[in-house]
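Coming up is one lone chain in C-alpha cells, specifically the form predicted on its own.
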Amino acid sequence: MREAILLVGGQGTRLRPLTINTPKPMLPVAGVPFTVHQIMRARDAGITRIVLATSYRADVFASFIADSDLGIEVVIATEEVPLGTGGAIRFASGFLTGDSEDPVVIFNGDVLTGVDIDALITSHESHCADVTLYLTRVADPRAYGLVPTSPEGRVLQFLEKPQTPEEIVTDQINAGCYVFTRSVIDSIPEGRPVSVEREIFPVLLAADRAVMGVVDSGYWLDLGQPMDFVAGSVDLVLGNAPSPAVTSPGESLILTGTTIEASANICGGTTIGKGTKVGSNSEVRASVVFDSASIGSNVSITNSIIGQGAMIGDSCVIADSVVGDFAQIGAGNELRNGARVWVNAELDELVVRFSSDK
C-alpha cells in the first residue's frame, strides 16, 4: 500500500472573493474541483490511500467525497484549528496505516504539476532518504525560497527569498511535493502550528539527516493567484498540463446544460460551467466561467473568472479580472487589469469603466 497526505486546509485568501463560499482546492478547474486532478494523478502513480488534511470549510470536502468514486480510498482529517504545514502533516498522520519506514507522499493543495510521482518515490527509497523534495527550476526565483543541492542531489540549504543578485545561488525552488519516511512525520511536534519549511527541514539538515532533492522539469504552476488559477485551467483544457481528469483536450470545455448562442465564440481553453448561458455575439476567451452564470449579448470576457450564478449584462468588457459568486454586472460596464467584484455585489449600468486592485 502507498499512502499520501493532501494539504487542503488553507483559506485561499489570495483568491478571494472566489473562496468566500468554496475552499480553494474545491474550486472547479477545467470542469472538476482542483483536488480531483491531484487525487487522480496520485491514484495513477500507484497510491491507494490518501488523507485530505482539511480545516477551512471541511464540510465541502466531506460532502463531495461522500458522493464521489475516484478509484482510491480517500480519508478526511479535519483540524480543529489551523496547524500550519508541518502541524497538518503530523495531525493527518494519525489516519495513516503504514509502518514507520514506509514512504508517505505529501502534496500541497494549490500546485498543478506534472511531476513523476512514482519516480520521486523510487528515488526516495533508493537513497534511503528521510525526506525527498520535488524541486523545479524557474526563470526568476526571487519570489521563492531557494533549495541548492549537491551533485548527488543532497539538499545543502533552505534559503529565504533572495534580496540581491548575489543571493541567487540556484534557480531550484521547493515545488510543493515531498516524500517523507513515516518515522520523520512521527517526530513532528503535535498539537501546535508547525512550519515544515522553517522548522522541520532546517532541523533535519542540522542533524545531518538524509534530505534529498529531485529536480523535475515537467509542468509546474502555483494556482494561488487569480490569473495563475485561470492559466492552470486553460492549460488543462488545452492539454498543456497533465491530468487524467481531462480526457479530451481542446479549444474549450463546455459542461452539460449550457445554452450558448450560435454566434458566440468560446475559445482559448475556456471552461463554461453547467447551466450557464452565453448570449449572441459574445466572446469568452481563455477564461473560467463557473456553473449557472449568465452572460449577455455582445460581451467580451478575456483571461478572467466569472463566479457561480454571476450575471454579466449586455456589452460588458471583462479582462484580467474576477467576478464573485452571484454578483450582477450591469450592461456596459468594463472591468480590467486585476479588478475584483465581491460576492453578491451589484453594479448598475455604466458604473465602472476601469478598475484595478493595484
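In this text, residue numbers run from 1 along the sequence as written. Source: prediction; values computed, not measured.
Omitted from view is the form predicted in complex with ligand GTP, to which the following refers.
Stretch-level contact check against ligand GTP in the predicted bound form with heavy atoms at 4.5 Å: of 288-296, 47-55, 313-321, 63-71, the positive one is 47-55. Using a 4.5 angstroms heavy atom cutoff to ligand GTP in the predicted bound form, none of G31, L236 and G273 count as contacting. When contacts are judged by a 4.5 Å heavy atom cut-off, A88 counts as touching ligand GTP in the predicted bound form. Ligand GTP is not drawn, but in the predicted bound form it has no heavy atom within 4.5 Å of G232. In the predicted bound form, ligand GTP stays beyond 4.5 Å of every heavy atom belonging to V155. Under a 4.5 angstroms non-hydrogen atom cutoff, ligand GTP in the predicted bound form lacks P17 among its neighbouring residues. Taking a 4.5 Å heavy atom cutoff to ligand GTP in the predicted bound form, the contact residue among S252, N108, T181, T258 is N108. Among G213, P103, G84, G279, the residue placing a heavy atom within 4.5 Å of ligand GTP in the predicted bound form is G84.
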